[in-house]
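One chain follows as structure tokens, the form predicted alone.
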């Protein structure tokens, strides 16, 4: 699995801690981690709004399979990611949230709170969240197991409803946004490396490259 970690300006100082815990959990099982957001307060400035755009590009281009995002409370990141087609983002404060989202909702992104409740032992909570998110076997099995069938059915229905609401072609949705906003979102070097090295969508690649060469 290819996993992208993205953090915005208010919590960028915690990136090294979060990245270390994520790497320790998933690298031993052969997953890849791409640190595509802010790595510290001096990195190029991103808000949780930019994170949604970045996540949508990486998921819809199939450059990555899963997004780990967040902000101070996690709420803004969750709302921003869920605005976009192809993203099913859960809100995660503790390991049980990660496990239940994995089994019941079977989405492709998590939004964590990196300020609220992020105190003593926070790195342990983050580690345990990642363990439940990525080391619990097959996703979408349901919980409790006797509820698996309706839960799986409803997860598919929710995705279908979102696809019906967001009818526009994905590239058209990107082009209809403030292009300065999108350009900022794609300006990070690590983001570009992740996208261009792994993307399976030439049209998205070409669009992003066109933004980067604009004066």
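Positions refer to the first chain, counted from 1. Here the structure is a predicted model, which is why all the values come from computation and not from measurement.
Absent from the display: the form predicted in complex with another copy of the chain. The rest refers to it.
**Q** Hey, in the predicted complex, does residue 141 get a heavy atom within 4.5 angstroms of another copy of the chain?
**A** Flag for residue 141 set to no.
**Q** Answer yes if any heavy atom of residue 187 is within 4.5 Å of a heavy atom of another copy of the chain in the predicted complex; otherwise answer no.
**A** Because no heavy atom of residue 187 falls inside 4.5 Å of another copy of the chain in the predicted complex, the answer is no.
**Q** Are any of the heavy atoms in residue 89 no more than 4.5 Å from a heavy atom of another copy of the chain in the predicted complex?
**A** Yes, residue 89 is a contact residue.
**Q** Within 4.5 Å, heavy atoms only: does residue 162 come near another copy of the chain in the predicted complex?
**A** Yes, contact at 4.5 Å.
**Q** Identify whether another copy of the chain in the predicted complex is within 4.5 Å of every residue in the set 7, 30 and 62, based on non-hydrogen atoms.
**A** Spot residues vs another copy of the chain: no contact at all.
**Q** Could you list which residues of 78-93 come within 4.5 Å of another copy of the chain in the predicted complex, counting heavy atoms only?
**A** Result: 78, 79, 80, 82, 83, 84, 88, 89, 90, 91, 93.
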